[in-house]
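Taking the form predicted on its own, here's one chain by itself in structure tokens.
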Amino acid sequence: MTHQQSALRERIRQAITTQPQSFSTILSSLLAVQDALGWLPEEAIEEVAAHSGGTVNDVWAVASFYTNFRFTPPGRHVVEVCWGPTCHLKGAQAILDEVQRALGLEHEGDTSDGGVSLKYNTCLGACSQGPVIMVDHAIMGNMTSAHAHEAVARLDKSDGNHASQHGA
């Protein structure tokens, strides 16, 4: 095992064992690892199985059931577009279309350069500010197509930084 693999496994174990609740489940452990790493590498499935006393198949069954888990590393930036009921009624489809156009994507996914991951989200918890997008965990409300385009265009795809944001 390389030093990098060992360090990854240690980060995974730390995420699993430092969960705030006293009783951890396969699902809570997977969520803790995804929060820590941004995705679930194969090592995470193995470590969660070892921690829970389950099998790799048990853990994979849970992980593959939920669509919010990633099994590949996300882009340097993550853009989420809310398409929940409120945002939908306030124009989320036009915003989603513009973000996809700006990123050169037809669906949610990753740009070819690995710079940005686009995710559809059913609720970002900011309905009063809808329509809403989230860029690198920063919620931006009262979006228009033009503002969404600007937010995506400001992403520096080379280093993981982005400029100031509109809304929220």
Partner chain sequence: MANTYDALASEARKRWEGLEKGPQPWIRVGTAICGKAAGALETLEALKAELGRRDINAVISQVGCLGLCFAEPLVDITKPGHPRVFLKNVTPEVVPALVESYLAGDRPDPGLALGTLGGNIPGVPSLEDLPQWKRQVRVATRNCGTIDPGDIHHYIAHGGFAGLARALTEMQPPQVLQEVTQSGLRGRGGAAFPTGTKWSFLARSNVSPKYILVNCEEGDPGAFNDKGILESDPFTLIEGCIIAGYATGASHGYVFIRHGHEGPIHLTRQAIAQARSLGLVGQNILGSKFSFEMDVVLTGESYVSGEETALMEAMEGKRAMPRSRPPFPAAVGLWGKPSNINNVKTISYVPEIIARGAKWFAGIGTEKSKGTAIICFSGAIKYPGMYEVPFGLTIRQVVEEIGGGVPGGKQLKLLQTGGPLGGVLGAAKLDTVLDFDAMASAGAILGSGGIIVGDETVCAVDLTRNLVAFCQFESCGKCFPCRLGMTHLLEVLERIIAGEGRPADLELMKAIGQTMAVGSLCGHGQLGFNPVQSGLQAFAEDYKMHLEQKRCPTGACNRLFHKPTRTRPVASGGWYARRDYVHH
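No experiment lies behind these values; they were computed from the predicted model shown. Residue numbers count along the first chain shown, from 1.
This protein has a second form, the form predicted together with its partner chain, left out of what is shown; the following refers to that one.
With respect to its partner chain in the predicted complex, the three residues 110, 146 and 149 uniformly fall beyond 4.5 angstroms at the level of their nearest heavy atom. Among 37, 124, 135, 102, the residue placing a heavy atom within 4.5 Å of its partner chain in the predicted complex is 124. For residue 17, no non-hydrogen atom is located within 4.5 Å of its partner chain in the predicted complex, even though that partner is not displayed.
Proximity of residue 45 to its partner chain in the predicted complex: non-hydrogen atoms within 4.5 Å are present. Residue contact with its partner chain in the predicted complex: residue 78 places no heavy atom within 4.5 Å of it.
When its partner chain is considered in the predicted complex, residue 51 lies well away from it, no heavy atom lying within 4.5 Å. For the stretch 88 to 102, the set of residues having any non-hydrogen atom within 4.5 angstroms of its partner chain in the predicted complex comprises 88, 89, 90, 93, 94, 96, 97, 100, in sequence order.
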